[in-house]
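Only one chain is included here, represented as structure tokens and corresponding to the form predicted on its own.
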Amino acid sequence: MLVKKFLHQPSARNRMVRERLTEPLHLNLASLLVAVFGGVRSRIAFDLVQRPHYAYGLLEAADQARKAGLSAFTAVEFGVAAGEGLINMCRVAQLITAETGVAVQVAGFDSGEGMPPAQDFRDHPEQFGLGDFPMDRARLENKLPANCRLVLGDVSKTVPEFLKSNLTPERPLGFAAFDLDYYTSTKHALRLLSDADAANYLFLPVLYFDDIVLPQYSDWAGESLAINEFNAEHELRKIQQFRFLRSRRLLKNARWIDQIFILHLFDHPEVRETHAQRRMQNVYLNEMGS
């Protein structure tokens, strides 16, 4: 179902022209077989799911949660707008739950009334403005499954409220997508990563930042500035681009790879010395006559 929708999306077809045709021929041929016969993991590996960045982040988080012995995790989208991305996240989450047995609790943050006015140059007012991307709330809420909730209002207020009871060690944050466009909104949204209890996060939560790839974007405005300020303000929490993700992917030319980041929690309970002493073998010491 998601493969069919993927192939019929205009944006997906354009991406295939820009990115797929630059991939090796044998991988494109293999993609055709995977599209017809492949399972969830293989379709995600070959970017055959609409919004492959969501699929990658959700599957990575589910695998982390299962390894940690957890039965659920939380995924968040900032910037719901018309809601296509949020519905897609929910549907991919259902596939991943069926694949891994790990439940996904989804939350979508938005003002519900379109974008607020830009504050200054850091919000890129040449790109976005008041009222952009409104929501048809009633129709969207009717489409959302039981494991998804809309969190409507100013993120400077809704994020602190959400942190009070929605992230727990049993349902930690595993994946978050940031598409709020503005520096100011993104900076408020990043408070989601500042809960005092690091156990309320998976060890390596996956983050996706939508608005960092255009040529006019820089470290002095937009999402990149919000990320840099978060890192400067948090000694034990750091956001860094997943620099070696491209080398791990079969298809290496997708733009979304550069938009995946990792939250490093140096105060996480997993950061402790608990393993037994390890030794390395030296084959040269085992040679005949040694």
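We number the residues from 1 along the sequence you see. As the structure is a prediction and not an experimental result, all values here were calculated from the model.
One more form of this protein should be noted, the form predicted together with a small molecule, which is absent from this view; the next part is about it.
136-144, 196-204, 83-91, 165-173: which one contacts the small molecule in the predicted complex at 4.5 Å, heavy atom to heavy atom? In the other structure, the partner sits against 83-91.
Does residue 76 make contact with the small molecule in the predicted complex, using a 4.5 Å heavy atom cut-off? So residue 76 does not count as contacting the small molecule.
Does residue 51 reach the small molecule in the predicted complex, with heavy atoms at most 4.5 Å apart? Within the cut-off, so yes.
Within 4.5 Å, heavy atoms only: does residue 180 come near the small molecule in the predicted complex? Result yes; residue 180 sits at the interface with the small molecule in the predicted complex.
Please check if residue 126 has a heavy atom lying within 4.5 Å of any heavy atom of the small molecule in the predicted complex. Judged by the heavy-atom cut-off of 4.5 Å, residue 126 is well away from the small molecule in the predicted complex.
Name the single residue among 219, 161, 120, 154 that comes within 4.5 Å of the small molecule in the predicted complex, judging by heavy atoms. Result of the distance check: 154.
Interface residue in the predicted complex among 95, 106, 102, 115, criterion: non-hydrogen atom within 4.5 angstroms of the small molecule: Partner contact (heavy atom, 4.5 Å) among the options: 115.
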